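Here you get one chain, nothing else, as structure tokens; it is the form predicted alone.
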Amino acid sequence: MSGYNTIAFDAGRCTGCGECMDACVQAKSEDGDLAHSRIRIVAGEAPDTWELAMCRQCGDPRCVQECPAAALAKNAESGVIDWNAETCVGCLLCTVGCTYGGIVWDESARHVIKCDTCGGDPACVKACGEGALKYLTTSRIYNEFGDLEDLFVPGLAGCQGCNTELLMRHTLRRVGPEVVLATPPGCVPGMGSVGYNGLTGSKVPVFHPLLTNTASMLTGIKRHYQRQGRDIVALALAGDGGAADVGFQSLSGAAERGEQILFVVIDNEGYMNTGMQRSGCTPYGAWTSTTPVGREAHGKRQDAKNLPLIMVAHRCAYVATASTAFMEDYYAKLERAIEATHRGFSYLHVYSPCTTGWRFPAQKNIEVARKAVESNFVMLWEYTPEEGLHLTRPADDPRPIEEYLEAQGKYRHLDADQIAHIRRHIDENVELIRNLCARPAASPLPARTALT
């Protein structure tokens, strides 16, 4: 069974402008009549709301079941519901069966019409300036990696809704069995990566270093295997506390030497495994157990440490930021990071919301992660010494930062001045990243490489 690409609709971003319908008509007809549009934006029940009538390319399509002439069929390669004009008898039973209004009668053409995704390059998506329509291609992850072995055993322990297990499983599945894993104290070993009662929680060699020496221990392991002539990935899955604070000395040293390590930081903005204490990556204004909120205290007083940019200053072979809400972006960066470990140090900084420490419902994890990126609170970019730094997701037209802050209980106490401070900090960071992106990569300094 395969996964398929699809067009997604965000009703909250739709303004009812109709640009998508115009684009569809231009792509699919010659007279420009909106009656020929395969996509229709219709008024919702509430004022100033909009809904989408379009073929969803269903996995178990009712229209196909209703068609007595077998004129409709699910394309096993593309996932599109194909319509065959040669066998269609025009009975319109398909239009009755479709719940989404996705196949309709075109009076002038004298046959039904429906979306075919423009062969995988939908015109409506490109025309939507509000971002209400997106063409999702994350099925690639399932198709390419779905059959690979899950290298973590079932039943790992973790808070309900936590994305850390998602990252653990996806990362190990892609890296593969030729790996030695280091998980310093934090949520990753807390979930069971090193196991319980004498049994390991992973199917690959794993060890539990101190917070302070993860990168230095991986350095020794990588060099040991190199001397044996064996190519393995030396992988760390560490929290932001173990990387940005007490573990920074060994992390910085390994990056400065260009050790061939893949260091993945799962940033949940604090020491969440031990009681939700603040870390250097905890943002300004956030509540934690060590930055409480009361009559005198109003959350953390300092801005977060920008650890990814600090790693760029080390001239690592590869540095990137990622988010659990954009797994296709993460997989693309993971691919590049693995490849870069053959030349030097690779660093991935993954922003992963914590349902417990951030105080939001478990089912809202991906929503919170997505709002962080869409508001520019988190920016997605990648860097190599040869190519410089560039964004992998545009920073234009962001969501209001209030939408992100209001989604979490740890920011519930913020006053207007604190929100203004956060907004200024975001604007400064966006300007900084854009300025770095504007710098040409001509005559770059080489990445640091390790002596073997």
Partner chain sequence: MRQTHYLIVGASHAALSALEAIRMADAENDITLVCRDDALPYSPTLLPYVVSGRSKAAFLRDEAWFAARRANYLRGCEVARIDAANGLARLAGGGAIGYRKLLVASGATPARPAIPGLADVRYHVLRTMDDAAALREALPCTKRAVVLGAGLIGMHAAENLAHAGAAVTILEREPQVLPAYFDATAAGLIASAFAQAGVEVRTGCGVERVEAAAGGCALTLGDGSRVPADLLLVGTGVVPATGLLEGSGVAIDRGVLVDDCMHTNVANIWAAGDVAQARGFGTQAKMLNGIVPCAVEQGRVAGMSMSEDPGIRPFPGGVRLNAYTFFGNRALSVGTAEEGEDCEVVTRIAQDARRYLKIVLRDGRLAGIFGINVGFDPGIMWELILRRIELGEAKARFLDDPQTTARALMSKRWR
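Note that the structure is a prediction, hence the values are computed from the model and not measured. Positions refer to the first chain, counted from 1.
Beyond the structure shown, there is the form predicted together with its partner chain, which is absent from this document and is the topic of what follows.
- Taking the partner from elsewhere, residue 228 is found to have every heavy atom lying beyond 4.5 Å of its partner chain in the predicted bound form.
- Among heavy atoms of residue 90, some come within 4.5 Å of its partner chain in the predicted bound form.
- The shortest heavy atom separation between residue 96 and its partner chain in the predicted bound form is within 4.5 Å.
- Shown alone here, residue 68 lies within 4.5 Å of its partner chain in the predicted bound form, counting heavy atoms only.
- For its partner chain in the predicted bound form, the listed stretch (101-109, 283-291, 179-187, 141-149) containing residues with heavy atoms inside 4.5 Å is 101-109.
- Residues 369, 393 and 421 are none of them found to lie within 4.5 Å of its partner chain in the predicted bound form, as judged by heavy atom distances.
- Among 425, 412, 28, 62, the residue placing a heavy atom within 4.5 Å of its partner chain in the predicted bound form is 62.
- In the predicted bound form, its partner chain lies within 4.5 angstroms of at least one heavy atom of each of the following residues of 41-58: 42, 43, 44, 45, 51, 52, 53, 56, in sequence order.
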